[in-house]
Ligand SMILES: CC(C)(COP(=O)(O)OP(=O)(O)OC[C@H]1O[C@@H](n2cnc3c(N)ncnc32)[C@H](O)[C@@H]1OP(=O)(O)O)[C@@H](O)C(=O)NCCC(=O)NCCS
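In structure tokens, the next block holds one chain alone, the form predicted on its own.
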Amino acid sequence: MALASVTLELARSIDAKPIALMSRDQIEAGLEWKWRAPAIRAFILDPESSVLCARCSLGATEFLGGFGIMQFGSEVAHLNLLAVDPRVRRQGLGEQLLTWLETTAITAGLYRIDLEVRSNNRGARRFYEELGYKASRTIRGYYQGRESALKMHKKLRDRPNFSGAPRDN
């Protein structure tokens, strides 16, 4: 289905339940449901996090088309969750969400974004790779002791080097 319109905006507390349900169905399928509404609401209210919603419309139908949750550290951001409704996948919505979050991390002065993805989720792995993310290692049993994760990262910019010594990024 072709989208009629998409609006990206920060989530509100009322968005916690639909985000949690999308996480359960699109990200956590086959696992115990961890990302419930109270956990999502905590990220929405956390000033060190951004929870972004894609509000979509198809004709007269409006719905949550996708979301992303990112935490900001002192140097590195962590993408906790990113999902797109299957009805609107492969239309650039995931890239729009991720680009917005990456821009926010750059604006915050961060150097890198880290994330984990299910090792067997080839579609998600390819999505991140196409957007410049590099695999760094596999973490066995990461998902509730049942599934491995692939740790990925994207360098946003070089760290300033105030000491004059070479520095790993």
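What you see is a predicted model, and the numbers here were worked out from it, not measured in a lab. Just count from 1 along the sequence shown to find any residue number.
Just so you know, the form predicted together with the ligand exists too; it's not on screen, but the next bit is about it.
Which of 51-59, 102-110, 24-32, 134-142 has heavy atoms within 4.5 Å of the ligand in the model of the complex? Heavy atoms within 4.5 Å of the ligand in the model of the complex occur in 24-32.
Contact between residue 91 and the ligand in the model of the complex at 4.5 Å, heavy atoms? Yes, residue 91 sits close enough to the ligand in the model of the complex that at least one of its heavy atoms falls within 4.5 Å.
Please tell me whether any heavy atom belonging to residue 44 falls inside 4.5 Å of a heavy atom of the ligand, as the geometry stands in the model of the complex. No, residue 44 sits far enough from the ligand in the model of the complex that none of its heavy atoms falls within 4.5 Å.
So, residue 64 and the ligand: in the model of the complex, are they within 4.5 Å at any heavy atom pair? It does not: once the ligand is placed as it appears in the model of the complex, residue 64 has no heavy atom within 4.5 Å of it.
Interface membership of residue 83, the ligand in the model of the complex, 4.5 Å heavy atom rule: Output for residue 83 is yes: heavy atoms within 4.5 Å of the ligand.
Sequence-ordered list of residues in 97-125 near the ligand in the model of the complex, where near means a heavy atom within 4.5 Å: Counting only heavy atoms within 4.5 Å of the ligand in the model of the complex, the contacting residues of 97-125 are 117, 121, 123, 124.
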